[in-house]
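Presented as structure tokens, the chain that follows is alone, the form predicted on its own.
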Amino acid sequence: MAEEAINNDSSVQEQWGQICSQLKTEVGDTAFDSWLKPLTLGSFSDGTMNICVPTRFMRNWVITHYSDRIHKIWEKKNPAIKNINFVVQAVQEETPSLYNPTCRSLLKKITSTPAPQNVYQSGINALVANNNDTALNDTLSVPLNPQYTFDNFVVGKTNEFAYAAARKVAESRNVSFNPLFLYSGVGLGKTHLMHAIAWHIKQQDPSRNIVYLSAEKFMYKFVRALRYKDTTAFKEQFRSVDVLMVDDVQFMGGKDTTQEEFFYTFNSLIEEGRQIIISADKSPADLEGIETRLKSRLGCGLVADIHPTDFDLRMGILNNKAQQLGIELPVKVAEFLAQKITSNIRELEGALRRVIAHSQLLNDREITLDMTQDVLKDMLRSFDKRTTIDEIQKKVAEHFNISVKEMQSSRRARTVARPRQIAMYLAKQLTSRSLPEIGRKFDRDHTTVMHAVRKVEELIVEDASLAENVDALRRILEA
């Protein structure tokens, strides 16, 4: 009777409606529509409210990200509800796998956008497969972005090698290199390639067990296994996969126990011929806080660097994104954005979205160069202030009364070598460029840059005069 009463009680439905409204405000429309809107109230018994979820995949995601918050909000509104249980309740549709709200959102975008079908097809197929329990190991993996497919990846000179390597791994069960190690600065496409590999493998062979997760989540899972004395289950989970993909492995730096477990997992999978794909912001040799033996393992396969974008690639990315969104982008606007926003792809696409949104919200106002400059004036102002390696070289050379050519030369005299080291140090501190990128600006390799950075860090502590010079240069460059 108590169960029936609470189910028929309109106040509980009202409470659920209020909770949903509050959650929508907290998490935003997109996240709410994708993960929380499909939830419905189920039965109530012994202080436990059951909430129905359409798929197991969605249930695991909701439990991980929203269950604690839902429970706290409802506990305040109705003390009778002590616990919340998420129950999978399949939806009876002709194509139940398309119930996934992320897939519905994608399908809606496809039908309303005049873009070529093949751009989205691989993402759709993988999404449909992903909703099956066997598609991805959903107790370990993070959700894949349906937009991050090979079809959506724009290839240019700076990323063609990494793209070719990723494609080779995705299309073949046995490759001559294992692991594949992708590295680049922020927002240059390594995560896109990681997702694309996973989508492609699942399309080609849905039976393969793929685990894709961040290094941070790997650490969390391992620490939790230690805490609950369940390391055996942890080992079995990770050592039984066919493809292990770990993003941002640099975050394992300094975590010795986690590194040790990852090292043994790595060796076990390699010995059994399983594929491993890793990404990071630096090459294996440059990873800080990573044990030497693990660095050696990470670099024993194929290491592929994604370089910063060039003008042609940025133009290609802008035109591809505009085509996907069904927008005709004027050439002058595309050229302006490609020239001004050179740091990474995310910021470039973000700028384009802002311009398009401004145009659409103002009754499809024509996209012009003047309008683009006005909409992005705050963003462009911050880009104009960013320090470049060329500027650092120029200012340091002026400060020490030498030429930039001398700084880039092979001269080892202290009057040239010390300013060169300081310029390398400031480039590492004030820019987002990688060590190899900095090295190329000085006609040196990355190990020379590493040595210069360490040397200046030591001298700043020991030599007060040099510390003042470095601090003065930093203030000039940041002004």
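In this text, residue numbers run from 1 along the sequence as written. Predicted model only: the values in this text are computed from it and were never measured.
Only in words, not in the display: the form predicted in complex with a small molecule, which the text now covers.
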Contact label in the model of the complex: Ala338 to the small molecule, heavy atom within 4.5 Å: no
Ile277, heavy atom within 4.5 angstroms of the small molecule in the model of the complex: no
is_contact(Gly187, the small molecule) in the model of the complex, heavy atom dist at most 4.5 Å: yes
The small molecule contact in the model of the complex: Arg346, any heavy atom under 4.5 Å: yes
One stretch from 172-180, 265-273, 397-405, 191-199 that, in the model of the complex, holds residues within 4.5 Å of the small molecule by heavy atom: 191-199
Non-hydrogen atom within 4.5 angstroms of the small molecule in the model of the complex for each of Tyr148, Phe153 and Ile317: yes
The unique member of Lys217, Lys282, Lys321, Arg297 whose heavy atoms fall within 4.5 Å of the small molecule in the model of the complex: Lys321
